[in-house]
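Given as C-alpha cells, the chain that follows is alone and in the form predicted alone.
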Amino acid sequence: MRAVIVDDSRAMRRIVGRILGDAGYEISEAGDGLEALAVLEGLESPPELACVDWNMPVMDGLTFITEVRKRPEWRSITLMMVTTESEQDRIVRALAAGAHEYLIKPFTGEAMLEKLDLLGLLPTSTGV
C-alpha cells in the first residue's frame, strides 16, 4: 500500500511516515498541496491514502482536497486530514470537500492506526 504525506513540517512528515511505514506503507512526501499534486501526477497509479495538513504555504490542505476530488483518476484516494484545526466548522468543511477522515494533532500512533482500521486501510499484519 502507498501513502502520500502532505505537511509543511518536516518533523510531522517524519512522525506520520514512521507510523505508516511501520504499518507497511510505502511513503511519498510533499511540503504543500501544490507539491503534492505534482507527486500524484508523477505516480503510475494513485496511492491508497493521502494524509493532509490544513495549514500550509502555497496551497493549503482544503484546496488540495478540492483539487484531488476534481480529478476522476484520483477519486479512489482516501484523504485524511491530519491537522491542529479542531473547530467543528473546519471538520465539516473538510469532510464536505471530500476528506474521508479527520485526525487532530497532537495524536498517538494508535489513534492514527485506529482511523486507518476504520477506513479499511490497515494492512492485516498490523494489529490495533
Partner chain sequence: MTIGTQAFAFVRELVRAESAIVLETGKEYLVESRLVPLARAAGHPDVDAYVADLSKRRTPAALKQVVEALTTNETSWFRDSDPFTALRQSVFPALAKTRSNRTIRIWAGACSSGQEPYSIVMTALDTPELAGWRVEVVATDLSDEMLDRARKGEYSQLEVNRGLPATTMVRHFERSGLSWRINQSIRDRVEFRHLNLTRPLPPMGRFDVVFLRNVLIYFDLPTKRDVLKRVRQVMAPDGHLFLGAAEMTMGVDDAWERVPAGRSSVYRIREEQRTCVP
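Residue numbers count along the first chain shown, from 1. Remember, it's a predicted structure, so these values are computed and weren't measured experimentally.
Heads up, the form predicted together with its partner chain isn't pictured, but that's what we're talking about next.
Within 4.5 Å of its partner chain in the predicted complex, a heavy atom is found for not a single one of 58, 64 and 74.
Contact with its partner chain in the predicted complex, defined as any heavy atom within 4.5 Å, is confined among 64 to 72, 80 to 88, 40 to 48, 25 to 33 to 80 to 88. A residue is said to contact a partner when one of its heavy atoms sits within 4.5 Å of a partner heavy atom; residue 54 fails this definition for its partner chain in the predicted complex, lying far away. In the predicted complex, at least one heavy atom of residue 115 sits within 4.5 Å of a heavy atom of its partner chain. Annotation for 8 to 40: no interface residues with its partner chain in the predicted complex [heavy atom within 4.5 Å].
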